[in-house]
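Below, in structure tokens: the form predicted on its own, a single chain.
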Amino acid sequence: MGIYYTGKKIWITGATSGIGEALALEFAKLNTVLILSGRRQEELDRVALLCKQLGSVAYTIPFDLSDAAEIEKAANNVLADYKRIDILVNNGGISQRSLVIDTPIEIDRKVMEIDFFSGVILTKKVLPEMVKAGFGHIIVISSITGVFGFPLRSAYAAAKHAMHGFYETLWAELHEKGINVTIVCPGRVNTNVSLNAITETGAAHAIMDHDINKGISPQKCATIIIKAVQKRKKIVYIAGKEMLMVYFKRYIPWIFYKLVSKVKPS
């Protein structure tokens, strides 16, 4: 499995926890050069040290995904230092737990800026050198909520749906120039994403989703992603029984809508 990744420069956002951290640690075993990003320098240093212990070269560059100017500056610095990124992992993001009717537009915009536009900015920054080199791989961490809407996640679902449209188009335009795209749609993964989700006030939700502990581990999720990327899969679903909703939406939509109508937001 390591041949595809050997020597590749891989930039991961949201690398301080959850799927991002797990991906960093798995990539570190594959003789890669890692650039790790997140908001917290101390946590980035912790993950970078673990990556180095696993045999990788690891650098850190902190920035805030909600700040377009910071993103631009970080991207310029990365390209100045490393010339080219081989694999970009747009993983960083934030979830949401609030009803549409209660959510002010500022919260919708914040979620879209973090979950959608930040990745678009980074992608557009690294693409020219990828095209010039004739190789690049963009890994996009979406969600099964990028395939269907679900209560309390309106802005989050919107951002994930937007990802699919943007990156599918990118692949259609640039695959002949060596640009690969893999959109990853996890279902229930045992992370703190629901704790850190924002409510209509912008405060942390601070409540763990029901049965999240029954989800797969970030490590298992990362292993599946790495295998799928090597196979150049365009889209990969990583889910348990919640995957049924994807099938219902696609093939038997009336069942999907009946089930969603019975979900009681709380």
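Residue indices: 1-based, along the sequence shown. All values reported here derive from a predicted model rather than from experimental measurement.
Beyond what is shown, the protein has a form predicted in complex with a small molecule; the following relates to that form.
The candidate spot formed by Lys9, Leu127 and Gly178 is out of contact with the small molecule in the predicted complex: none of the three has a heavy atom within 4.5 Å. Heavy atoms of Ile198 never reach within 4.5 Å of the small molecule in the predicted complex, leaving it off the interface. Among residues of the shown chain, Gly119 is not one whose heavy atoms approach the small molecule to within 4.5 Å in the predicted complex. Residue contact with the small molecule in the predicted complex: Ala24 places no heavy atom within 4.5 Å of it. The closest heavy atom approach of Ala28 to the small molecule in the predicted complex falls outside 4.5 Å. Only one of the listed residues (Val193, Ile138, Ala157, Ala75) places a non-hydrogen atom within 4.5 angstroms of the small molecule in the predicted complex, and that residue is Val193. The contact residue chosen from Thr223, Ser66, Gln230, Thr60 relative to the small molecule in the predicted complex is Ser66, the criterion being a non-hydrogen atom within 4.5 angstroms. Contact with the small molecule, judged by heavy atoms within 4.5 Å in the predicted complex, is confined among 99-107, 86-94, 128-136, 169-177 to 86-94.
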